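A single chain, nothing else alongside it, follows as structure tokens in the form predicted alone.
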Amino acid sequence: MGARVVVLGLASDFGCQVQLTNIEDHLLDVLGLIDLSYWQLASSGHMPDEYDVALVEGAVTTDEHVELLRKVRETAAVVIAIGSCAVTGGIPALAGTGDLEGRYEAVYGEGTDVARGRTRPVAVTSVIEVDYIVPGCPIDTGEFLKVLSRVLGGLSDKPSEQPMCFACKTRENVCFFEKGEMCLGVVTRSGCHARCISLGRPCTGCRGIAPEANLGAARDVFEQHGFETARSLHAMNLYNTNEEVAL
């Protein structure tokens, strides 16, 4: 029997789970290697008590999420965080900045009890230790399959540590800074084949800050092209609110 796998979703738009359905060319091959015990998006049953691998999408926004993740960490031999929301906090984490209580009151009025048990939105990686990550919004299916292959083969995680600019240069893309547009590829973790940039859209940083990014040099690049530090940090916070970024 293959590894018993569960797929869970916390606070997100389920886009990364939907993305998993787009690997139909390889899905049957993958399913032949694992025992897909539970998939929140596609299952109507309950999550089993025992499993080997847990894929977790979404940010942590409630005490119930925290409790679930701790149980998952105790149960699963391998935990994989998939998507920006799980890896860096993503869009949900934006709600955790500033006056969180005021936001709940603005939405629910006197009915704030509807959101009882809430916690400030954070990434899964801020609550428990994870073994593998698949960043991006949404995830790149090719990268996901490579990570899953490493999991099934018992190999350690090997996420890219270089900034996007490295991949972009190899594809001979014209730099957006030369067009007078801001692009976060200079600090963002590569690994997606610079897909957005190659399609004519500047990088918005959904893969998180690259460990090897030179933030001091990045600040100089932003300023040289007329983008003030405050504006650059604001752009980075779209997906990286949970990360400490100092330009």
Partner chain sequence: MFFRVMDQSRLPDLVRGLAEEFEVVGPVAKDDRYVFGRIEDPADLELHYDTTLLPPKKLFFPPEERMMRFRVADNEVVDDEVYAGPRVLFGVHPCDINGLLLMDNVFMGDFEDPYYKARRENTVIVGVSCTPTDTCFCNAWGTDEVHWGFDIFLTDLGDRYFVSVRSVLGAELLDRHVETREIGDADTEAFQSASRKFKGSFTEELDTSQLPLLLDAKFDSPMWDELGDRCLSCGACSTVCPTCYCFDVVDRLEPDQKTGMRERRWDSCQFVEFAAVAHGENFRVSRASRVKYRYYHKQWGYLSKFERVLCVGCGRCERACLAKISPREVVKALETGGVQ
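Residue numbers count along the first chain shown, from 1. Every value quoted in this text rests on a predicted model; they were computed, and no experiment measured them.
From this point on, the text means the form predicted together with the partner chain, which you will not see here.
Student: With a 4.5 Å heavy atom cut-off, would you call Lys179 a contact of the partner chain in the predicted bound form?
Tutor: Output for Lys179 is yes: heavy atoms within 4.5 Å of the partner chain.
Student: Would Asn214 count as a contact of the partner chain in the predicted bound form, using a 4.5 angstroms cut-off between non-hydrogen atoms?
Tutor: Asn214 belongs to the contact set for the partner chain.
Student: So in the predicted bound form, does any heavy atom of Val78 sit within 4.5 Å of the partner chain?
Tutor: Although the partner chain is absent here, Val78 would stay clear of it in the predicted bound form, with no heavy atoms inside 4.5 Å.
Student: Is there a non-hydrogen atom of Thr97 within 4.5 angstroms of a non-hydrogen atom of the partner chain in the predicted bound form?
Tutor: Contact check for Thr97: no, nothing within 4.5 Å of the partner chain in the predicted bound form.
Student: Would you mind picking out the stretch of 165-173, 70-78, 122-130, 97-105 that comes within 4.5 angstroms of the partner chain in the predicted bound form, counting non-hydrogen atoms?
Tutor: Selected stretch: 165-173.
Student: What is the one choice in Cys192, Val186, Cys206, Ala54 with a heavy atom within 4.5 Å of the partner chain in the predicted bound form?
Tutor: For this set of options, the contacting one is Val186.
Student: Please tell me which of Cys196, Leu36, Val221, Val66 lies within 4.5 Å of the partner chain in the predicted bound form, judged by heavy atoms.
Tutor: Only one listed residue qualifies here, and that residue is Val221.
Student: Under the 4.5 Å heavy atom criterion, name the residues of 42-70 that approach the partner chain in the predicted bound form, in sequence order.
Tutor: Not one residue comes within 4.5 Å of the partner.
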